[in-house]
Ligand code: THG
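Take a look at this single chain in structure tokens; it is the form predicted alone.
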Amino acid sequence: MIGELINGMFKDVGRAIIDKEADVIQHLAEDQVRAGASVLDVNTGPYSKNPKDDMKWLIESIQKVVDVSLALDSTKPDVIEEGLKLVKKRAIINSTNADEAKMEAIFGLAKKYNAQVIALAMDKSGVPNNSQKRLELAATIVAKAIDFGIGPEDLFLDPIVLPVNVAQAQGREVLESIREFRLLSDPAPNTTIGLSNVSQGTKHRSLVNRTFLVMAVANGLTSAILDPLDKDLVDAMIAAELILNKNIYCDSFLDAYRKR
């Protein structure tokens, strides 16, 4: 679970970044880790006037209270590099896509700082409308990463989830892509999704999110950027892994998973 809540797009986080309210950020970090997140996504948001300084401040604030890996989330390689200089644990770069120049920049940083990479199955043409094109782009990404000496096990391939209310047919394509991405190499690359995208603009967001997450886990998903404070969502994920025989059953399996 990659916690999604430290993102400047959220109003409370955006205000906390502007006003440098470290306690707001630190509480979000602690709550997400307590709920089971093993990685925290860190995004200054689109309105940051000084994203490099804000990224540094966020990382310093977070690392004072929790000891987990951080996913440095920015479209700007120089902002990501500022964060990579400060992280205490191995970081994840969020993200590259299949564009040649973008891969050169991001994989170069990943190699320099021994970071893992989230890679989106899209290019300058946008998000593909079928799983076959997603697979082609994912294969391009894997090959490029290997050229930089980055193994598939350090990649998180993202087929890109689109909102079900405007792109309903894409849910099935994403699930198929998750299965296919895992067959690209041995060892297999990791897979991830920005889960909340699937319910964007829908009435029953939590229901849509947890239903899609369970389906994605059943198709081989290995990670997701999500809200770890949504208890029903996390419970559904734990139950899905139990049914897939990833954990031993006991009546208190939810508590057992969390204690682990």
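Remember, it's a predicted structure, so these values are computed and weren't measured experimentally. One-based numbering along the sequence shown.
Quick note: we don't show the form predicted together with (6S)-5,6,7,8-tetrahydrofolate (THG), though the next part is all about it.
> Would you classify K11 as touching (6S)-5,6,7,8-tetrahydrofolate (THG) in the predicted complex, given a 4.5 Å non-hydrogen atom cut-off?
Although (6S)-5,6,7,8-tetrahydrofolate (THG) is absent here, K11 would touch it in the predicted complex, with heavy atoms inside 4.5 Å.
> Tell me, yes or no, whether S177 is in contact with (6S)-5,6,7,8-tetrahydrofolate (THG) in the predicted complex, where a contact means a heavy atom of each within 4.5 Å.
Close contact is absent here: in the predicted complex, S177 is far from (6S)-5,6,7,8-tetrahydrofolate (THG), nothing within 4.5 Å, heavy atoms only.
> Contact between D41 and (6S)-5,6,7,8-tetrahydrofolate (THG) in the predicted complex at 4.5 Å, heavy atoms?
Yes, D41 sits close enough to (6S)-5,6,7,8-tetrahydrofolate (THG) in the predicted complex that at least one of its heavy atoms falls within 4.5 Å.
> Using a 4.5 angstroms cut-off on non-hydrogen atoms, would G194 count as touching (6S)-5,6,7,8-tetrahydrofolate (THG) in the predicted complex?
G194 belongs to the contact set for (6S)-5,6,7,8-tetrahydrofolate (THG).
> Which residue, S223, S48, T211, Q200, is the contact with (6S)-5,6,7,8-tetrahydrofolate (THG) in the predicted complex, using a 4.5 Å heavy atom cutoff?
Result of the distance check: Q200.
> Answer with one of A115, V142, A98, I118: the residue that has a non-hydrogen atom within 4.5 Å of (6S)-5,6,7,8-tetrahydrofolate (THG) in the predicted complex.
Among A115, V142, A98, I118, a heavy atom within 4.5 Å of (6S)-5,6,7,8-tetrahydrofolate (THG) in the predicted complex occurs only for I118.
> Using a 4.5 Å heavy atom cut-off, which of 200 to 208, 213 to 221, 229 to 237, 60 to 68 contacts (6S)-5,6,7,8-tetrahydrofolate (THG) in the predicted complex?
Careful reading of the contacts points to 200 to 208.
> Taking only heavy atoms into account, state which residues of 146 to 161 are within 4.5 Å of (6S)-5,6,7,8-tetrahydrofolate (THG) in the predicted complex, ordered by sequence.
Going through 146 to 161 in order - heavy atoms within 4.5 Å of (6S)-5,6,7,8-tetrahydrofolate (THG) in the predicted complex - there is one hit, D158.
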